[in-house]
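Shown below, as structure tokens, is a lone chain in the form predicted on its own; questions about how it binds or moves come after it.
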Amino acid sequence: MKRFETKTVVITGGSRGIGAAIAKRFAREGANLVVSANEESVHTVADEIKADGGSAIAFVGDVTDKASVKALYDAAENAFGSVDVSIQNAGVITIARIEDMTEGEWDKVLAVNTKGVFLCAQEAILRMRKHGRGGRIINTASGQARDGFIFTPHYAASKMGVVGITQSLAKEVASENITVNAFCPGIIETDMWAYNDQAWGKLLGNYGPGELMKEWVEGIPMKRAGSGEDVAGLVTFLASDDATYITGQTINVDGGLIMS
């Protein structure tokens, strides 16, 4: 299917993992991609999309810096003329006992995961209003937006904040044909989850590499970790014309790990 021909999609945190998978899925469906991250490897993702016949540019920037965010959306408009879908996916996590967690860790996680969503959504909505075609704002939350977990109070706070931003903005822009939704990935096979397995494994017991994640996966009703493509299917649906009457929602994509 080519559901997104003529559409421009901006995605942050697009250099790897869930973000890269989402970008490639949109490209296969005909979208123009603006793939952003804070590392040069984001160029590799854009190059892979172009090598497969897709349309993409890369942008290296910082979602916590307003000037950088403005430059990102300027680049999207300069390259493709508009912004139709904006996916706020950049995210970070650290894992530590409360007595060891630093103020710097708290500030960084909240800045990237929550302030970054605000700044990008703000800029995207301005562009969508200017072009008058409506649009889709899609935010990455987490299972910890539903149920905070041990040793990560800052991460839980940041992702619960994403749900609040999503609901508030959805009410504000609903009459402008702009929908705002979020999704909560569960245990997904990514670099972040490799770190999670190692860091939580040290604090929760004498786990070797991969052992804690394997144990947790056994608790998933579907008995497997998710993939970036599993998440991309939901995100492209939320961006499509089939989701025009869905807004203010936060949807789990986790194999049934958390049911609501």
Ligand SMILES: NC(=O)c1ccc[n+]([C@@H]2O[C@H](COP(=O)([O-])OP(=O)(O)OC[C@H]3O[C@@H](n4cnc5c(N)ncnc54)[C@H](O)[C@@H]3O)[C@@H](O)[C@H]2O)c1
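Heads up: residue numbers just count along the shown sequence, starting at 1. Values in this document were obtained by computation on a predicted structure and should not be read as measured data.
The protein also exists as the form predicted in complex with this ligand; that form is not presented, and the subsequent description refers to it.
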{"item": "Contact test, all of 13, 62 and 191, partner this ligand in the predicted bound form, heavy atom 4.5 Å", "value": "yes"}
{"item": "Partner contact for residue 239 in the predicted bound form: this ligand, 4.5 angstroms, heavy atom", "value": "no"}
{"item": "Contact of residue 166 with this ligand in the predicted bound form (heavy atom, 4.5 Å)", "value": "no"}
{"item": "Partner proximity in the predicted bound form: residue 185 to this ligand, non-hydrogen atom cutoff 4.5 Å", "value": "yes"}
{"item": "Exercise: residue 90 in contact with this ligand in the predicted bound form, heavy atom 4.5 Å", "value": "yes"}
{"item": "Partner-proximal stretch of 97 to 105, 171 to 179, 133 to 141, 75 to 83 relative to this ligand in the predicted bound form, 4.5 angstroms, heavy atom", "value": "133 to 141"}
{"item": "Contact assignment for this ligand in the predicted bound form, among 128, 156, 121, 112, heavy atom within 4.5 Å", "value": "112"}
{"item": "Residue among 27, 37, 46, 235 with a heavy atom within 4.5 Å of this ligand in the predicted bound form", "value": "37"}
